[in-house]
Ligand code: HEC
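Just one chain is shown here, as structure tokens, and it is the form predicted on its own.
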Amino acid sequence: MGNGRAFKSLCGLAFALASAGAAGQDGADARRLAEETRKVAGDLVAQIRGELTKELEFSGPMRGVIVCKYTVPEISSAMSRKTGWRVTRVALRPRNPALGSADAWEQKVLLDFERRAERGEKPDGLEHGEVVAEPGGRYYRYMKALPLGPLCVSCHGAPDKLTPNLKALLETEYPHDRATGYAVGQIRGAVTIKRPL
């Protein structure tokens, strides 16, 4: 009888140690996934910011609209091909719904980002990552908030502050645009990454 209890205790301890080891490994894996994904998100933001800053300073907002429509999706697509992940940007109020509409998971995270910002968290530090099981498999999904910067106000600010030429260009290039009315610091959208596991 005593030997049976001792055996059960040893089995329980072995299970607890194995579980703790697995949890430690899971924690290390989660940190690795987050770090790798965060770096790709940072690289995307840096490339986009570089292209837009160059064009806005050189040619102004009219050229910025063209860069956002054509160059930025090319940058995202190239990064997706390089990593094998889905790397893009989404928003609750997209400028181009075909490319920028958030799925249900992304909408939930974007709404959480807005709540966190309202409670005083800095928008440029907001991020979220988790492993998600979907019908297509398991994925690590990550989002990083994109607050509106001073340069972005010229195209995403209050509609009455946009120039007539810029309004006309936006109506032509983005007939379903919902991405105006933002102020500096507000969350415009997020980088979103979906990695198959």
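Numbering starts at 1 and follows the sequence shown. Since the structure is predicted, the reported quantities are computational estimates derived from the model, not experimental observations.
Omitted from view is the form predicted in complex with the named molecule, to which the following refers.
Asks: Using a 4.5 Å cut on heavy atoms, which of Ala91, Val109, Leu126, Val87 is close to the named molecule in the predicted complex?
Replies: So the residue touching the named molecule in the predicted complex, by this definition, is Ala91.
Asks: Wondering, does Leu99 line up within 4.5 Å of the named molecule in the predicted complex on heavy atoms?
Replies: Yes.
Asks: Is Arg38 close to the named molecule in the predicted complex, meaning a heavy atom pair under 4.5 Å apart or at it?
Replies: No, Arg38 stays farther than 4.5 Å from the named molecule in the predicted complex.
Asks: When the contact criterion is heavy atoms within 4.5 Å, does Leu44 count as touching the named molecule in the predicted complex?
Replies: Contact with the named molecule, no.
Asks: Considering non-hydrogen atoms and a 4.5 Å limit, does the named molecule approach Ala34 in the predicted complex?
Replies: No, Ala34 sits far enough from the named molecule in the predicted complex that none of its heavy atoms falls within 4.5 Å.
Asks: If you apply a 4.5 angstroms heavy atom cut-off, which residues in 124-155 are near the named molecule in the predicted complex?
Replies: In sequence order, Leu146, Pro147, Leu151, Cys152, Ser154, Cys155 come within 4.5 Å of the partner.
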